[in-house]
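One chain is shown next in structure tokens, namely the form predicted on its own.
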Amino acid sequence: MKQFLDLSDLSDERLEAVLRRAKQLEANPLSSALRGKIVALLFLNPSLRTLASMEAGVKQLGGDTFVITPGQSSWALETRDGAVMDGDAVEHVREAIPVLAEYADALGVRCFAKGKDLAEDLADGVIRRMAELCPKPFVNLESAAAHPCQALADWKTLEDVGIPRRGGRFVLSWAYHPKPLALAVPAAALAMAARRGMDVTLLRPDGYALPGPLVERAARLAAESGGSIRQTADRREALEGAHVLYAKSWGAPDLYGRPAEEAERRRPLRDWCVAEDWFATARPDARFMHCLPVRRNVKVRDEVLDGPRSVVLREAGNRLHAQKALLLELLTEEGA
């Protein structure tokens, strides 16, 4: 495997191997497995966990990194094919990606959704175009429609806290945010839980159903794995017997790219802030998950984030272990 653009790039066998290796690396974090290897990190968008965990992970494995932030530490980048480059961007990815690959053994890229055209963002063309230009192993560090490293960490977190695969009840809930957010994390979480064979409930207010292609894909994965997918706006019913509540915000699909109009729809939805009373019908030991960063007391109350249900810090820690295991899969003979 030379590209990791989506969790589906790992076969079931390789996925289980990566998860086992992540657990081993958590117990024994230091090695020289990547001695002499350099991983280039290209961040077109801000990061805390992704950047820190990739840099720390490579170095714990004996390798090294360099970080490029276009428009800050380097020239602004153009990603469009056929663009007339008479604006701020002075370098095109058609040159930049192969050049970076000359200097490194692998390349990780983060490039968020443009948030203007739903079909374009769902197609994830920007990250796929850059992956095609890269002759070295390539890792998606979050794109318009996928966050596979987060999905790996979330899967490991579910295993760590003993959430069952088949029969496990996973609720992916919309939560209020002042502005519409991208689809990468909810898409990744939905597909991850479905592939795991869980019974998945998509909880969202009216007008915030996830786009059809994402739900259809998750339904296929669930059917293959013995799970199920359903949608509802009823919190109490959605959370009945739930093992996990995973909160995330996203924009209304029919108003995609029209934030001013979308703001009017979300304005009365501030009560979609996860509180302890949401768990009234859930299992007593139900867990709360979120990818972070999170706006406290906007998306989730302090009482939940700081309470015993929350595993958000474990999720963040698992980014390190999961990504290290992934790098070994991509860059060593052991992972071949």
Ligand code: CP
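Position 1 is the first residue in the sequence shown; the rest follow in order. Remember, it's a predicted structure, so these values are computed and weren't measured experimentally.
Below, we refer to the form predicted together with this ligand, which is not included among the displayed structures.
- For a residue to qualify, one of its non-hydrogen atoms must sit within 4.5 Å of this ligand in the predicted complex; all three of 47, 142 and 147 qualify.
- In summary, among the residues 292, 30, 275, 280, the only one with a non-hydrogen atom within 4.5 Å of this ligand in the predicted complex is 292.
- Between the options 156, 266, 235, 110, the residue in contact with this ligand in the predicted complex by a heavy atom within 4.5 angstroms is 110.
- When contacts are judged by a 4.5 Å heavy atom cut-off, residue 321 does not count as touching this ligand in the predicted complex.
- Of the candidate stretches 296-304, 65-73, 281-289, 49-57, only 49-57 has residues with heavy atoms within 4.5 Å of this ligand in the predicted complex.
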